[in-house]
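In the block that follows, a single chain appears as structure tokens, in the form predicted alone.
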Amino acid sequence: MTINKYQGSSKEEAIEKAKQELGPGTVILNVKEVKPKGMLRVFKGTLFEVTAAVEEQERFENPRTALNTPLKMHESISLAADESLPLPRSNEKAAGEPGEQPSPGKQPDTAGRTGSGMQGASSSRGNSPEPKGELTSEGLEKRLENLSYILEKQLSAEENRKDDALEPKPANPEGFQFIKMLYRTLLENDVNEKYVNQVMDEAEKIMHNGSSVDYILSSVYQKMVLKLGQPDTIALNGKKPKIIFFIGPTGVGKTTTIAKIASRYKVEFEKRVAFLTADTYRIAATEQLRIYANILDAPMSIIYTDEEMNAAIERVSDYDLIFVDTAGFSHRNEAQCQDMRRLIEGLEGKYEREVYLVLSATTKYKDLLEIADIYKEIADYKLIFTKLDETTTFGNMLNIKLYSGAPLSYMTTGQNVPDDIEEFDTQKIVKQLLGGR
């Protein structure tokens, strides 16, 4: 993994610098606004600093085997039902936040769980013991809130760690307990066990190097952000029109999602949008899309065949985006799968297309695997997850991303048009998977 910082006069400029140096696989770990300092600060503009990383693509095992075998813990992790997991409390404060006075340290107990240093990535080699407290969800949430500060510490300490790589490392009981807690948290968030084990393997390597709890958390966070990747959303290259197909099972919110995205490009980016609907099974869906089209003052056509689709596109060929709403159907209905494939493949080659598979975050994992497989036979797609407001566990988004290899694009959090949609927020989702809010 390569991690660097880049600055620019805007967030977009700094991200572009990162992508130019690190390549297309660049993942943004953190964005920070840097205020100018000194007497001449009034003449200086604000800078934006991004922390970016890149790592080679990994090969992931097929998680279906895990569905047919009993759940087993990571080979070096054993969790008792009512086990108390101690977590040392950092006495450091996040940048710009008031610090807390450390509480008196506790004596080592018979299990050998003592407070270790928490002064950054190399603190475990310090001589002064740090205070520790019981592991709680609130304690983890506070660390996740201060993750930006932890990343800063990790980057500044990286060179020192390289110099100390050959030194013997002390035992790290707090790190081991912390990894056990992260392991349990990821499983509770429905992350597939195979993917949890892959993350924990990396965390254990760091733990055995004597790293602090903050350093372990930062490294796990980075690893998971890299696995999810940057969102891949609709990008206009000047060629008109771009045809956007939305496919997926019934009831996942395709029509509402189309309206949200179309509204964004119409209002915010002042692009000309048009609608086509092939969802002739549900009258309500057609009427719903027609209402949205009227609100946006956008043309809409109902299509039944690929020939009608191409003719309708030709009539609005000077538009920027044409959104195609398709009929939702059971992924077990082979006839409708074939109809969908013929419609998408029937698009004339002179048009540029993108296909988005819309999935509900509330769908069971086993069903999501089958849906991902069936729709992969129809077309290559990007992923949109809806109904994040209706679930408390987000592990399936990571599972399906890794299983399908398809990039994530958007996520929705309610029915309000056009508000309840955003580009997939990788950093926020990873923090929630790790126990944050």
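One rule holds for the numbers: they count along the sequence shown, beginning at 1. The structure displayed is predicted, hence computed values, not measured ones.
One more form of this protein exists, namely the form predicted in complex with a small molecule; it is left out here, but the text below deals with it.
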{"item": "In the model of the complex, segment of 383-391, 398-406, 25-33, 366-374 with a heavy atom within 4.5 Å of the small molecule", "value": "383-391"}
{"item": "Contact of Q415 with the small molecule in the model of the complex (heavy atom, 4.5 Å)", "value": "yes"}
{"item": "Touches the small molecule in the model of the complex: V252 (any heavy atom, 4.5 Å)", "value": "yes"}
{"item": "Distance check, Q288 to the small molecule in the model of the complex, heavy atom within 4.5 Å", "value": "yes"}
{"item": "Contact flag, D279 vs the small molecule in the model of the complex, heavy atom cut 4.5 Å", "value": "yes"}
{"item": "Non-hydrogen atom within 4.5 angstroms of the small molecule in the model of the complex for each of N192, K227 and G229", "value": "no"}
{"item": "Listed residue (K260, K242, K223, K180) with a non-hydrogen atom within 4.5 angstroms of the small molecule in the model of the complex", "value": "K260"}
